[in-house]
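Single chain ahead, by itself, as C-alpha cells, in the form predicted alone.
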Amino acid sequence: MPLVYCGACSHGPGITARADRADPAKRDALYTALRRMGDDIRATRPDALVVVAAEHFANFFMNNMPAFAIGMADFYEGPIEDEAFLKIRRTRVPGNKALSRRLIEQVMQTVDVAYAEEWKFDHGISVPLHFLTPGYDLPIIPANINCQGPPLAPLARAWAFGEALRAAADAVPERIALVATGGISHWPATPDSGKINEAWDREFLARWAANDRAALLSYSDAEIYRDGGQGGFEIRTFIAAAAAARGAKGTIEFCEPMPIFAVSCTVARMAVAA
C-alpha cells in the first residue's frame, strides 16, 4: 500500500552526547520536535519504519563499501558507540527479515542494492530512534547510502534509490513509514567541527520542501564539499526521501543551527497521504 509517512531529521551524536552543554531552550525545542515526529509516525499505524541513514564505518569500510544497502534481519543492536558517551543505552532493536526481503526484492528491480543480515546501529540510526521510537516497539528496516568514502553515488542515483524504496513500499500490503537521517552542512572530526553554513542549509531545505528535483540534483560533490563540508555529502539521504515522496511537498518543522551539536538540527516531513 502507499507509503504512510515520509520525513527527515538530523542524527548528530552531540544531540544526545552533549545535551548538557546546549542552550536549554533550543535543545528542548529540538527534542519536542523529534518526539512530535515520533508521535506523527505512530499515528499512521506503520508496520515498519525504514530509516535511510549514512552510517559511519560501523558496518562498511573501504574494503567493501556498497553504494546502497538494506538490512535484512529480525533484530539489530545499537548504538555501537560507547553508551556513556552517546548517553543512549545499548539495546536490541526489532526488525522484520521477511518484510525486508520483500522490499529488497522490489528495490532490486531498478536499483542494485546490497543487503546485510547483521547490522550494528551507530548514532546515525540510534540517535533518531531514541526520540522517534523510545520504546523500540516498531520494527526497523535500516537502509544505508554511502556518504563517507568516495567515489560516491551521484545524486541522481540517490534519487533513484528513493524512488525504488517508494515503489517497494507501494508493492507490499504492510504500512511503511520512511525517515531519512543525516546532517546538512557539517565538518565532523576536523578542526572545523561545529562550523555551520546556515545559508546553505536553508537553501537546501527550501529546495527539499519544494521537492524540486532539478534543484536538488544540481549540486556537484565539489560544491557540496566546499559549502557543506564532508558531512554535507549526507544530503543524499534527504534527496532519497524527497524522491520517495513522489512529488509531495515538504514542511520544515524545526531547523536551528546548533554548533554544540555540530549541525543545523532539522526535523521535516513530506505531505504524503497516510
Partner chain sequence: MSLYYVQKLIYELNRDPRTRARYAAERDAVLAEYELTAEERAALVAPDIGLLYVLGVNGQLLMHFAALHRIEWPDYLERMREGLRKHGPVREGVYAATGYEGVP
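Remember, predicted model here, so these are calculated numbers, not experimental data. Numbering follows the first chain given and starts at 1.
Beyond what is shown, the protein has a form predicted together with the partner chain; the following relates to that form.
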Legend entry - Residue contact check: residue 82 to the partner chain in the predicted complex, 4.5 Å heavy atom: yes
Legend entry - 4.5 Å heavy atom contact, residue 190 to the partner chain in the predicted complex: yes
Legend entry - Distance check, residue 150 to the partner chain in the predicted complex, heavy atom within 4.5 Å: yes
Legend entry - residue 24, heavy atom within 4.5 angstroms of the partner chain in the predicted complex: no
Inset, instruction - Quick one: from 102, 202, 157, 195, grab the residue that has a heavy atom within 4.5 Å of the partner chain in the predicted complex. - result: 195
Inset, instruction - From the candidate stretches 38 to 46, 245 to 253, 222 to 230, 25 to 33, select the single one in contact with the partner chain in the predicted complex, where contact means a heavy atom within 4.5 Å. - result: 222 to 230
Inset, instruction - For the stretch 39 to 73, return the residues whose heavy atoms include at least one within 4.5 Å of the partner chain in the predicted complex, in the order they occur. - result: 56, 57, 58, 59, 60, 61, 62, 63
